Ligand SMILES: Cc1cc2nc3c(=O)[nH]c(=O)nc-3n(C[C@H](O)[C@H](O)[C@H](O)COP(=O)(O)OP(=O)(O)OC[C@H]3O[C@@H](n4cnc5c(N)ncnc54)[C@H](O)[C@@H]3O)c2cc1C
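Given next, in C-alpha cells, is a single chain: the form predicted on its own.
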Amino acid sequence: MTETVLVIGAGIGGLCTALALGPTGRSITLLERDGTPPLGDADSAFRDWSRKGVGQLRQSHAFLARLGKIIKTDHPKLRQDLLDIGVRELAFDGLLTPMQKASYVPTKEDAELTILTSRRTTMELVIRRYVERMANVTIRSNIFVKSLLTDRAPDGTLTVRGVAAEGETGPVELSADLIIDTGGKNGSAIEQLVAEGAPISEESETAGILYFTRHYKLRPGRSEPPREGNPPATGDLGYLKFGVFPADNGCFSITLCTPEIEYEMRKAIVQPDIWDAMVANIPGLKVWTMPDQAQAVSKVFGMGNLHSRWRRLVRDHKPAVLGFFAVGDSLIRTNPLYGRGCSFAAVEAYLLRDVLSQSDDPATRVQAYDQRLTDDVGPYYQSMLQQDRSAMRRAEQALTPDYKPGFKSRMLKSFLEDAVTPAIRFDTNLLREAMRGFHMLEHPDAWLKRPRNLMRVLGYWARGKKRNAAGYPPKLGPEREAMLRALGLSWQADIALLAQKRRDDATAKAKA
C-alpha cells in the first residue's frame, strides 16, 4: 500500500521534501498557507508574489554546493530549468585572487564547489513549477494548517495522524501516514505537541546580529565587477559584515549585517540615505552601486530576532512523537549569515528519505532521523554557534574603551589574520579544501585538521607579515568611528547603552 504524506508548507523546505520523497513513489500533498505564485517571469515573481509565511523571501539567498549537487544528480531537468530562467552558477575559480589565477590549474573536484544563486523568489518559483509536474505530488495553496490531529497511546506516546486546516471553502481535516512540518520558524506544530506533553527538547541562542538587504539591477550595457577583485565585494569590518549576492537577469542584492549591540547603526540602516552612504563608504560595494552602474529596485528589507535553534524529537533514546517529522527552520534554525538555511533543509529532507526507506517501524524512524541529523548536520551547527559567540564577544569588546585582549585572544587573532587568511589567498589547494567545509561537502574543520594543511598554514604564519604582504586583503572600509561620523551618527551612544545593559544584567543576576 502506498504511504501517504502531508507536508505543512510549500516553501524551500517543503519543496525539497517533495524533491527527496517524490521519486520514492509515496503520495505527497503539500499544504501552503499562501496563494499561488503569479504567472509570468522571474521579475513578476519578485514584484508580485506575496508570501506572508516567508519573512525572509526578499533577503539574499544562495544554494551551497551540497544542495547544488543534489539537484544536479537527482533532478538534472530542474537544474536546467533553473539555468534557463537565469539562476547563476558561481564557480570556484571566481574566488581566486589574481596571484592564484596566474597559476590556476582546474581539477575535477572544482566543479563541485559551485554556488547556485538568484533572487529567492526566482529559485522558489522554478522549483515549485518542477514539483507541480511530479506525478505523485500535489500542492494545495490557500490552506492554513491550524493544528495537528493526534492520538495518545496508553503509555502516553503521541501519534500524529493528520491536520485540521482552514481552506478557501472552510474547515477541513486531512489524514495521512506521515506528517512533515516544514512550516518554518513561525510554525506552531511543535509548540502544540509540547503543549500536549510530547517531550520535545529545544536549545536556542541569539545569533547576535541583524540582517538587512537591498536589491539592485544593473544599468543597460553594464556588467558585474569581479567577485574577488580589489576591493573585495564581501568582508567583515567588525562592526559590519557585508556581501554582494549576484542574482538572475541582471539583478543582485547587497546584505549588511550589524551586531545587535550596534544600536545607532541598526536603527538608521533602513533609511535609504543612510544605506546609500554606508555602501558608498565601502569600496567593494561602491563599485557595484555607482549611479551609472546600477539602480536600487527595492527598499531595505530588515530581519531581526535571529536565533539559532535545534529541536529534538527524541528524549532519552525514545521518540517524543510518532508519525511526525520536521524539516527546515521548524526543526533546525540557523544564522542566515552562513547561507546554510536552504541547504540544511535539503540535507534534512534527504536524510529523512533514507531513514524512511530503511525501516517501517515508526519509533525506529524517529530515532534514526535524530541520529542522522546529529552526525551529518550537527558539526555545521556547532561550528556556527562557536563563530557567532566569538563575533558577539568581539562586538562587545569593540564598545569597551578599556578592553585589552589577553595573550590567547591575540594569538588566535593572529593565527586567523596572519596565517589562515594569507595561506588561502596564496595557496589555491588550501582554498579548495577550506571551501569543501564551507559547502557542507565534508566536516567544516576537516581541512585544517589534516597535518599537511596545518603545516602549510603554520608555514605562512612563520614567514611573517612582510613576506605575506601580498596575501592580505586590501582595506575593506572605514573604522567604526569614521563610518559613524560619515553617517552623522553618535559613536558614544552605543558605549553608554552597552554600559547600561551590563548594569541591568548584573542587577538581574543579583536578584536571581
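Position 1 is the first residue in the sequence shown; the rest follow in order. Note that the coordinates shown come from a computational prediction; the quantities given were computed from them, not determined experimentally.
A second form of this protein, the form predicted together with the ligand, is not displayed here; the remarks below concern that form.
Per the 4.5 Å heavy atom criterion, the ligand in the predicted bound form is contacted by stretch 298 to 306, the sole one of 401 to 409, 214 to 222, 375 to 383, 298 to 306. Contact annotation for the candidate site: V145, G328 and P336 all lie close to the ligand in the predicted bound form (heavy atom within 4.5 Å). Contact annotation for T114: none of its heavy atoms lies within 4.5 Å of the ligand in the predicted bound form. Residue contact check for V54: one or more of its heavy atoms lie within 4.5 Å of the ligand in the predicted bound form.
Contact check for C342: a non-hydrogen atom falls within 4.5 Å of the ligand in the predicted bound form.
Contact annotation for I12: at least one heavy atom lies within 4.5 Å of the ligand in the predicted bound form.
Taking G208, P232, P422, G184 one by one, only a single residue has any non-hydrogen atom within 4.5 Å of the ligand in the predicted bound form, and it is G184. Taking A62, A45, V457, L487 one by one, only a single residue has any non-hydrogen atom within 4.5 Å of the ligand in the predicted bound form, and it is A62. Along 351 to 368, no residue reaches a heavy atom to within 4.5 Å of the ligand in the predicted bound form.
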